[in-house]
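Only one chain is shown below, in structure tokens, and it's the form predicted on its own.
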């Protein structure tokens, strides 16, 4: 599964889809009796009404961006990794183990990111092993492993990682000295934001400038042709799967080390949302960055609308769905029109 990326046309499709979704929602609210200008003003104030609100928007975009990059790497390479939820959760478990059981130290957050990446990659490796050893489709095994990962979290926060100071099913708090450092004082935005952006740029450079990126691109377009060209398809697909799992695991580690500072049985995961972000970003690493901000901005704006205008915050999820549907339909129409032109193979 891959989308051939042409910068201008794909950007137009993504921006047009987001704009259409917003216009439909605002228009629907206008019909329901809400002033469109009030809706836009209140929503925007919740997203970027102050430097603090903008920092919160960037903070909430971090796990969406990381999971979006994980989905982008997998899907562009033809690897149907739908297990980002589970890989995210296992990354969070590994990070909590490092941060709460190890000695307090400023280097621990970075060790936690490494541990989270390894845990996510290993959890994805289980699905790859089931596919290659027992013939279980990767789509099925990764979805089932998501369910198992939820129970693994529950067992860990009630067992080896449980905080003895409380009866609640949760881990101990990460000590202050072991948390991700803040990017700006007075805001919750941590340096994981810079790490996520740099990983997006690195993934883009890898895809555009390296032989590995070219081979993954070819495999995503046509694995049979790639095999005839001498590309080791199996090894490259394994690389993409493990890399995707590692990125999702790092997302979970970042969230624990920089935002929540503990793990509970009711942890929020961003795996499925990351797939939606990747599709809105047209499976391009740099396109995933604004897509992640769009999704986090919708969440913040919707909560502000609920507080100020009594509009249900679920409207943010409706807008996401409309944008995703619009971008998929527009992409399909664009490919059909392109293939119908004279001279197009």
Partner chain sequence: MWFSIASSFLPRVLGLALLMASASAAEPAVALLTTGSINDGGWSQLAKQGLDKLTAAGSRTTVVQKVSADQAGTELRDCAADGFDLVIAHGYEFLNPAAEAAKTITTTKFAVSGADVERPGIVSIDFDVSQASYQLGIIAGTLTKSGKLGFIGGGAFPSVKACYRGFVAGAKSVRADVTVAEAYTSWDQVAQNKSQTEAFISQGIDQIYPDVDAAARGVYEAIKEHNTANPQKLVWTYGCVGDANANPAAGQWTLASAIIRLDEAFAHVAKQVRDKTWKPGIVRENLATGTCVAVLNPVLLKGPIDAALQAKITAAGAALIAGTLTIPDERPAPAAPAAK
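All values derive from a computational prediction rather than experimental measurement. Numbering follows the first chain given and starts at 1.
As for the form predicted in complex with its partner chain, it is not shown, yet the points below apply to it.
- Comment: its partner chain is not present in this chain, but in the predicted complex one of 54, 30, 286, 40 has a heavy atom within 4.5 Å of it, namely 40.
- Of the stretches 106-114, 192-200, 240-248, 157-165, only 157-165 has residues with a heavy atom within 4.5 Å of its partner chain in the predicted complex.
- In the predicted complex, residue 77 stays away from its partner chain, with no heavy atom inside 4.5 Å.
- Interface residue remark: residue 262 is counted as part of the site for its partner chain in the predicted complex, having a heavy atom within 4.5 Å.
- The closest heavy atom approach of residue 21 to its partner chain in the predicted complex falls outside 4.5 Å.
- In the predicted complex, residue 102 stays away from its partner chain, with no heavy atom inside 4.5 Å.
- Taking its partner chain as positioned in the predicted complex, the residues of 161-199 that bring a heavy atom within 4.5 Å of it are, in sequence order, 163, 164, 165, 166, 167, 168, 169, 170, 171, 173, 175, 176, 179, 188.
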